[in-house]
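Quick heads-up: it's one chain on its own, the form predicted alone, in structure tokens.
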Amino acid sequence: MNGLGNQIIVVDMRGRADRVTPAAAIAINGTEGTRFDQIMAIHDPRTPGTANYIEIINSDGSRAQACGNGMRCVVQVLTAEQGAQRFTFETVAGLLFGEAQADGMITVDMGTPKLAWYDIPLAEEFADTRKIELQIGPIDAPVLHSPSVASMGNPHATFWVADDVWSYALERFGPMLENHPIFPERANISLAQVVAPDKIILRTWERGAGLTEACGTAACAAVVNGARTRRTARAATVTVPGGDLHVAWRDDDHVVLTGPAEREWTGTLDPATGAWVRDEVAA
């Protein structure tokens, strides 16, 4: 599947006790036909009142706490299967709520942002995470500097830029910043250009996955960070390489993400080894 162009593999692990292994994820990502940003593994519920437990695996085999685009894909799969429109999911980051809209768009309640330095987390104390000391480039003329940081279940650094987000070598800066010592759990790195109070252009280096066509939690973090630095309103359209997402930071502190999801093809895979077979499509 894809959620605005980023590649998502949804794996049905219901009725099983095993998990998708890191080795399997790496093997799957090493094949041309199945390169992906995240695997969304649907497991049986662990907590009463929830539909499923969702485990999220990055393309490097590491586990992720949250993935907004992937959650939309999960909602679409389960809506098509069950006819239900609303779901409550459990993830390692907590409970998430998803809903299929009448127009085909899918809304996911991503919960509340965490803004304190120890919750993001950062390796050292910052009283104000709207602007932290971090830069790339010469001290007197940094290329990127002073990001706003927040957690949307996973750590995000939003660098505000005045120029076109494509004019920066994010493929070069991204790995360095993702693994900077200030981020003990690594971080998602985004370049954000505010073109209007309700419009952000965003490009993201995703933790554990690299450059991505779309990162839902990065879009959420950009709007939260934009609002708290008075660069944007609390609701905005975020244009990522794959298209547009709508993010609203509601008055109840919950961040709601709306966008599309698309099924591309189906198949079966071995969650231990990553061996896979694509289903035959009738002519």
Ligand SMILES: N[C@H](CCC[C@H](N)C(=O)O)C(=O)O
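Numbers follow the displayed sequence, beginning with 1. Just so it is clear, the structure is predicted and the values come from calculations on it, not from any experiment.
One more form of this protein should be noted, the form predicted in complex with the ligand, which is absent from this view; the next part is about it.
The ligand in the predicted bound form comes within 4.5 Å of a heavy atom belonging to N188. Contact annotation for T129: none of its heavy atoms lies within 4.5 Å of the ligand in the predicted bound form.
Contact between N154 and the ligand in the predicted bound form is found at the 4.5 Å heavy atom cutoff.
Residue contact check for N225: none of its heavy atoms lie within 4.5 Å of the ligand in the predicted bound form. Not one of S148, A192 and R203 is positioned with any heavy atom within 4.5 Å of the ligand in the predicted bound form.
None of V238, I39, A66, I28 but one reaches within 4.5 angstroms of the ligand in the predicted bound form through a heavy atom, and that residue is A66. Partner contacts here mean any heavy atom within 4.5 Å of the ligand in the predicted bound form, and among 115-123, 158-166, 136-144, 208-216 they occur only in 208-216.
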